[in-house]
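This document opens with one chain alone, in structure tokens, the form predicted alone.
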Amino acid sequence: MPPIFTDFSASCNLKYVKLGYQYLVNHILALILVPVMVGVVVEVVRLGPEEIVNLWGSLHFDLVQVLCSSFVVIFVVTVYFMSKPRSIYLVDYSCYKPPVTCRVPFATFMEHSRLNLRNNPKSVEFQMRILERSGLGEETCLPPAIHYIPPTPTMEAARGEAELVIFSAMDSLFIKTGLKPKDIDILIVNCSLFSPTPSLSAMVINKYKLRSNIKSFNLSGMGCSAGLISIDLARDLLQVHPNSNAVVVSTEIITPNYYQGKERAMLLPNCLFRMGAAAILLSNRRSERWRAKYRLVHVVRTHKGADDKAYRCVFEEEDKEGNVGISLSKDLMAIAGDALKSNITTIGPLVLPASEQILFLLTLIGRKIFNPKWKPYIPDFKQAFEHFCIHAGGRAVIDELQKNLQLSPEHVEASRMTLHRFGNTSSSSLWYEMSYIESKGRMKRGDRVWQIAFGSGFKCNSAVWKCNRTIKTPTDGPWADCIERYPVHIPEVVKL
């Protein structure tokens, strides 16, 4: 009878070998310095106090040398602290929670599709198949204008949705942080597809009567990754404006962008995109350090727009009948994978421990010199991060990243549950995921969070945060009334 536990034993041995290797490489300095320090201490004890005093007395100090050495030390320390980038803190954030009156259960969505596309049953069937496999739940929400038959995507309705989601998120942020509107120095609003005049940032300034010298920015057309672009812009501005507060608002307005044609590539966003918004308070004030939730560590942006396929894979255009919609290319996942590779190639050296970087380097050298067919080594990013917030763009996006990064189901739980409960809320989805982790009581001091988002253009952007303090389970927020029900099982196909 063949041995049963051979593979298990070998895998255990390999696991412990890898753990030993990681500990050895990642703590090499400590393992070298500790014996040296112990030797120094033993030698000092052996000499005794009299010999130490005699040794000190034998040293001759020249006043000029002492002054010059002190000046050099003070100069170097001053230059170091003056050139060191300012720490950027995430004080707190809030996410918009749609009312129950905006919910769109599967039955309602399909009934509306049948009525709106009564002359095109194939398009209705296509939407049903997408919805069955989408990973969305029964509680996602669409704005009021989309509930009409037919939908009424007017400018007034679009402004109404923008005011509802943005002002609700801002009001919640003011309550949570105690921030006053007059204390906002920088305002950044990102919304990809709805860009009215006056801008959404001007709408916020008018609503809250913000200062006349506020530095305001309105980003549009940058897709679902625009939230991290806004964070990067806020970081750069806070580096040059000391003692400042920056508010970032991330949202996507659904009303004017609900496609009413029959092209399948353009019907797909109707099945995935839902209402949502987030407001984030960033600050470089040292006084905020003690109450801030997170500190921004890195932002890495990758843009593949030079490639024609990448540029057109998410494209707003008219169909043959003149209906405007967002067309999603069949090559989207391959292009996203290529953008992710470029992004993690940049972010890897910044975050990965030495043990992973050495293994990656050795594999790369081996493939170049010895055998190009060697399987490339995929770094273990679980060694660098405790939490992952992957843009909830769709089930396929989450599946692909889980597979490529070799993540466990728990690592992608926040992304899957956010997609199930709120749908694809575009650039704000990362903050619903962060809120999910906090609501589960999993965010501890020192934990590192990796936010990954994809957007039209084509872009892949990453942000790395470090938890500043252990975060208590919130009693409010978008998950307050349902967190006990999650995680839920999401079947591969939901039969409608």
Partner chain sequence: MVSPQQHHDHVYDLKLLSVGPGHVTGSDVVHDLTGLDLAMKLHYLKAVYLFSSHAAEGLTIMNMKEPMFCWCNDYFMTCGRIKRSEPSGRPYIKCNDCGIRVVEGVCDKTLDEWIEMEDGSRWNLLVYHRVIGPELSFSPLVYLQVTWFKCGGISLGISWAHLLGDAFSVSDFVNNWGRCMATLKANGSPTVAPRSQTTVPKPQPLSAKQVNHVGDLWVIANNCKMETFSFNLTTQHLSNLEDEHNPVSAFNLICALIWRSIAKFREGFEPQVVTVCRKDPNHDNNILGNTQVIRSIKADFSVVESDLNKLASLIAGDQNQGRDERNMIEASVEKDNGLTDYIIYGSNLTFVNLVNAGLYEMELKGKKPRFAYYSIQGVGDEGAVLVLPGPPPQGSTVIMAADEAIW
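Residue numbers count along the first chain shown, from 1. None of these values were measured; they are calculated from a predicted model.
Not pictured, yet referred to below: the form predicted in complex with its partner chain.
Novice: Select, from the options 302-310, 397-405, 97-105, 258-266, the stretch whose residues sit within 4.5 angstroms of its partner chain in the predicted bound form by heavy atom distance.
Specialist: Of the stretches listed, the one contacting the partner is 97-105.
Novice: Whether L115 contacts its partner chain in the predicted bound form should be assessed with a 4.5 Å heavy atom distance threshold; does it?
Specialist: Result yes; L115 sits at the interface with its partner chain in the predicted bound form.
Novice: Within a 4.5 Å heavy atom cut-off, is P409 in contact with its partner chain in the predicted bound form?
Specialist: No.
Novice: Given that its partner chain is not shown alongside this chain, does D380 nevertheless sit within 4.5 Å of it in the predicted bound form, heavy atom to heavy atom?
Specialist: D380: no, not in contact with its partner chain in the predicted bound form.
Novice: At the 4.5 Å heavy atom threshold, is I149 in contact with its partner chain in the predicted bound form?
Specialist: The answer is yes: I149 has a heavy atom within 4.5 Å of its partner chain.
Novice: Among the candidate residues E163, E111, E132, D171, which is the single one with a non-hydrogen atom no more than 4.5 Å from its partner chain in the predicted bound form?
Specialist: Of the listed residues, the single hit is E111.
Novice: Just to be sure I understand the contacts: of D331, E316, E138, E386, which is the one whose heavy atoms reach within 4.5 angstroms of its partner chain in the predicted bound form?
Specialist: Checking each option against its partner chain in the predicted bound form, the one that comes within 4.5 Å is E138.
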